[in-house]
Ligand SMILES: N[C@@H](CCC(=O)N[C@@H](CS)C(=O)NCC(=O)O)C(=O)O
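A single chain comes next, written as structure tokens; it is the form predicted alone.
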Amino acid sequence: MNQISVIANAPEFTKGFVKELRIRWAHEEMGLSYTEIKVAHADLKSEDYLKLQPFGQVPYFQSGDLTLFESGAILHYLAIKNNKLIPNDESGRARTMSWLFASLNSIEPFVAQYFLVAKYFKSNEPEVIKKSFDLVHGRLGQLSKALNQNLYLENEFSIADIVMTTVLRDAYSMNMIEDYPNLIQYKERNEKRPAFIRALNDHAKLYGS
């Protein structure tokens, strides 16, 4: 049985945005069962937990003797092992991996940086906030142009779409994609998938909702 770690008592503002949601979603899409390993927020930096997730984050993933961390790596493992949420042809798989890495490296860090600067630490330096804001919009504009009117990043829904959708949900929560109708449509289309709804509902139970 696959196992994923989740925060048992995460702060309310993280509801719907913790990265274990990506792994739940993939399991639901693939028809795989899993169990939760509930970890108290205070225990994320414990010696035992850091042996499994060196950065004290969620999720980590266990399947038999295998333990993985980082959501992108876990999604890649699940896709290859089960031959689902990834194209069958070599070129399609390579392009999907490009988009997976783009989600994690070219979009998400800029969204996260803006959140930290403007929302979490609430910088009192308008110029710093504006520069961070402009960096996000530069990347979102490029993504919007590349996606165009395509339904998915590749020809079919994939692990790359799981990650990109969750990144865009973060950006949307800060009113950052309103200038890009195709990104809003892409996000909302993927959020309507039954597998996502099931994953989000299970995630929300950690918050008593």
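In case it trips you up, residue 1 is the first one in the sequence shown, and so on. This is a predicted model, so every value here is computed, not measured.
Heads up, the form predicted together with the named molecule isn't pictured, but that's what we're talking about next.
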Next on the checklist: Contact check in the model of the complex: Ile107, Val117 and Ser132 versus the named molecule, with a cutoff of 4.5 Å between any heavy atoms. Do all three pass?
Outcome noted: no
Checklist outcome for this item: As a check of understanding, the residue in Gln57, Asn182, Gln142, Asn155 with any heavy atom within 4.5 Å of the named molecule in the model of the complex should be identified as Gln57
Checklist entry - Looking at 30 to 38, 145 to 153, 58 to 66, 172 to 180, which lies within 4.5 angstroms of the named molecule in the model of the complex, counting heavy atoms? => result 58 to 66
Checklist entry - Would Asp43 count as a contact of the named molecule in the model of the complex, using a 4.5 angstroms cut-off between non-hydrogen atoms? => result no
Next on the checklist: I'd like to check something about Leu206: if you look in the model of the complex, is any of its heavy atoms closer than or equal to 4.5 Å to a heavy atom of the named molecule?
Outcome noted: no
Checklist entry - Contact between Lys19 and the named molecule in the model of the complex at 4.5 Å, heavy atoms? => result yes
Checklist entry - in the model of the complex, does Ile7 have a heavy atom within 4.5 Å of the named molecule? => result yes
